[in-house]
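Below you'll find only one chain, the form predicted alone, shown as structure tokens.
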């Protein structure tokens, strides 16, 4: 078991990010870049044909942002354990994990067989009650004690939208505070100040400004800034909820100190505000009890997605204190019904079955512990490669999550003072990140945009050794030949 304090080198991470941003952008050698580009030209021809055709009928050629890849998306055909195979037969180590949910590795055969058995009987969806939605709910409640009731939804974005409505209805207060750069789905309420801290509404294309009249973003890991915003909100009716990603905004890319959540808990209690954890990424990954179990600090509400259905689709939920969650009105209405929500495909039998049995197996094999150990070994190995080649890049680890920063943009915060510098530097940095992600894919490593690696219980020591050999080849391309 890794000591909890070792996951929190927050000051060093932020200092490293500043150092990297203030230094000249580092690119791989032109000969190496050409070699990796040739991999796509010569080894990925079927993917190229498919995505070229897709561009004629799908915006950007893909239906999901995780599929975006430079120079073009790769079409996958088979997944198993810790690996992908694409339509051209190329093999890859899977550190994308579908964006985080597949803690048992890809396409776990035991869960798959149970799903097939259900499909051969009940079918994937009935529109009626299923015992599996009850079994899954009770399993989540057992693992995360502050969840006294749970309402399931079809996605994390949908769950975040419902959570905001619930918080405002329960408290009678209009304002919601989030972290700068925090991602809480693509719904209108939270399409504000995400991606890069300080962007405010500049990326909220198509969302009328009035949607954000009562949404504010404050810097993460900054209790004085949070207090100031809570005090300011008292002038306009108060704050319904403070919504945070527990390990920091943008999937933990901007980490927070270990004591931050307790300070936030105390502050929310002082102002009569709900504390909400967006655990779409962290639930059942950083700990079987989620971030609430890892930190030992209970929120009032938690938002779930992805892993709650074991990697099967239609995955989302809002859980927490009974007195709050019961205000989600059932379709027929009730005495306590205040908040209308829906979702035809929510809590369908197929996905609830997959989620229930996935959570059971994760406990049996200690999937979270194995994935955390794997992430630590992987992060240590990558740091040794940086040291070997004297590269200033940053790698830091959170349980079952590895962050890599090769451009210095992770902890960046836009202000009026640095906007010109950002506009001058960012295009080159973004291209450097694209090239790095391309090199990873060509080496046979699938990640989240070259920035984040999710581990699973299928990532064994042998898989880590294979991965580090690939990383070594890639990072050797950043030094003179």
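Please read all numbers here as calculations on a predicted model, not as lab measurements. Positions refer to the first chain, counted from 1.
Below, we refer to the form predicted together with a small molecule, which is not included among the displayed structures.
When the small molecule is considered in the predicted bound form, only one residue from 367, 166, 351, 281 comes within 4.5 Å through any heavy atom, namely 281. Among 105, 399, 73, 185, the residue placing a heavy atom within 4.5 Å of the small molecule in the predicted bound form is 185. Although the partner is absent here, residue 178 sits far enough away that none of its heavy atoms falls within 4.5 Å of the small molecule in the predicted bound form. Taking the partner from the other structure, the small molecule in the predicted bound form has a heavy atom within 4.5 Å of a heavy atom of residue 156. At the 4.5 Å threshold, heavy atoms of residue 160 reach the small molecule in the predicted bound form. When contacts are judged by a 4.5 Å heavy atom cut-off, residue 245 counts as touching the small molecule in the predicted bound form. Heavy atoms within 4.5 Å of the small molecule in the predicted bound form map, among the stretches 319-327, 210-218, 253-261, 148-156, onto 148-156 alone.
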